[in-house]
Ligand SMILES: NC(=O)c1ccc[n+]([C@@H]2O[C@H](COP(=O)([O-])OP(=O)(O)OC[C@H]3O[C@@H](n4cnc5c(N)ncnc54)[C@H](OP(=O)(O)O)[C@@H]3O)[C@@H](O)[C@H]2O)c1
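Next up: just one chain, as structure tokens, the form predicted on its own.
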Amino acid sequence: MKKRIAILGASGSIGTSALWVVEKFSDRLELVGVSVHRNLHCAQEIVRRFPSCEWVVVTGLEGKEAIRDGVRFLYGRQWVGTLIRETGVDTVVFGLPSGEVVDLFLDLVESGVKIAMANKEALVVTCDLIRPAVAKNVLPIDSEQSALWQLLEGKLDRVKRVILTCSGGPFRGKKREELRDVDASSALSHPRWNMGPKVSLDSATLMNKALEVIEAVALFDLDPTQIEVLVHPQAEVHGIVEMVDGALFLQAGITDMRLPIQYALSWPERWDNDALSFPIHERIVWDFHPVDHETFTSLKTGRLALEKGGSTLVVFNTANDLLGRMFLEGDVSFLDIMDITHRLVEEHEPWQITSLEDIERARRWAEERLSTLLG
């Protein structure tokens, strides 16, 4: 029997990669529904390519429900839940960006459907709410979290530490003074990945690694002291696990999101795919370096947010998100993203997160504090 798949954010980079996997394994996977933000042309192309896709939710446009050539088109984010319920999907690829879709994520967790998860921000801000459910419901498709998932399965009680890797971004090797006046174009020029502006900027500040440390705690219930980060410019080793006896296991692969997406959709099986093979017969050189924490303070800030816990995690994510947008619009400097985020995390007096309302309250606190600081 084919797995029934829905893809949220089908017009984005994660969605495009997921569609490739579904098409590649059309004998095992069946696309039954998608969401797009505004790209109706993309949605129409998807339903042409995938005759099994009978539901399209357009989250960013208004319109009346319509049925075209047997495909139901619905307008508004509120219809995503209906899509999931009515189609009886087995796995949802969650490719929606940012931490502003937390309500949708929590609804999916509660529904019990498998979630192939690409949104680290939603995991970060809901860390305290969903950790018990995550282990059985969420299949990570970030390359680093997928690596840890593959390495840790069945071994958690024998693990000494885990190591997340990062390319170092476009400013690897730079010092603070050299970053004072960098512009958005430079910050978005990632050396290894072609990503959207949010992910590219988080890679430049190393905020993405701070988010991933928190994400690993949420996904695998690790102690933060067990998680380390190393700079790995080649970006081919995605995760390393050290066992209690000193043995090291690593997961490597080509720098292509289709690989972790395929693993999430095929799990607990592995499916043959020569298109994603690693060129192991070629000469391989791997470098690993410590993070320059004095220049890139994001990891320290993320660990402080984890230590304080609760609403501080929401403040951390919200401040980084808002300051990142301000930097891209020319309103703050590159270093301000890291420095001001740290200031808000330090100042915040946390409360426990027990509901979506608690998350919204923390988000408003961060917004108002930034407004006061920046005028």
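Numbers follow the displayed sequence, beginning with 1. Computed from a prediction, not measured in an experiment: that's the story for all the values here.
Just so you know, the form predicted in complex with the named molecule exists too; it's not on screen, but the next bit is about it.
- Interface residue among V199, L299, I163, I84, judged by heavy atoms within 4.5 Å of the named molecule in the model of the complex: V199.
- The listed set Q145, N119, Q262, T205 contains one residue whose heavy atoms approach the named molecule in the model of the complex to within 4.5 Å, identified as N119.
- Contact with the named molecule in the model of the complex, defined as any heavy atom within 4.5 Å, is confined among 19 to 27, 363 to 371, 5 to 13, 347 to 355 to 5 to 13.
- In the model of the complex, the named molecule sits beyond 4.5 Å of every heavy atom of R68.
- In the model of the complex, P233 stays away from the named molecule, with no heavy atom inside 4.5 Å.
- Heavy atoms of G95 reach within 4.5 Å of the named molecule in the model of the complex, making it an interface residue.
- Contact between K308 and the named molecule in the model of the complex is not found at the 4.5 Å heavy atom cutoff.
- Of all the residues from 47 to 61, the single one having a non-hydrogen atom no more than 4.5 Å from the named molecule in the model of the complex is T59.
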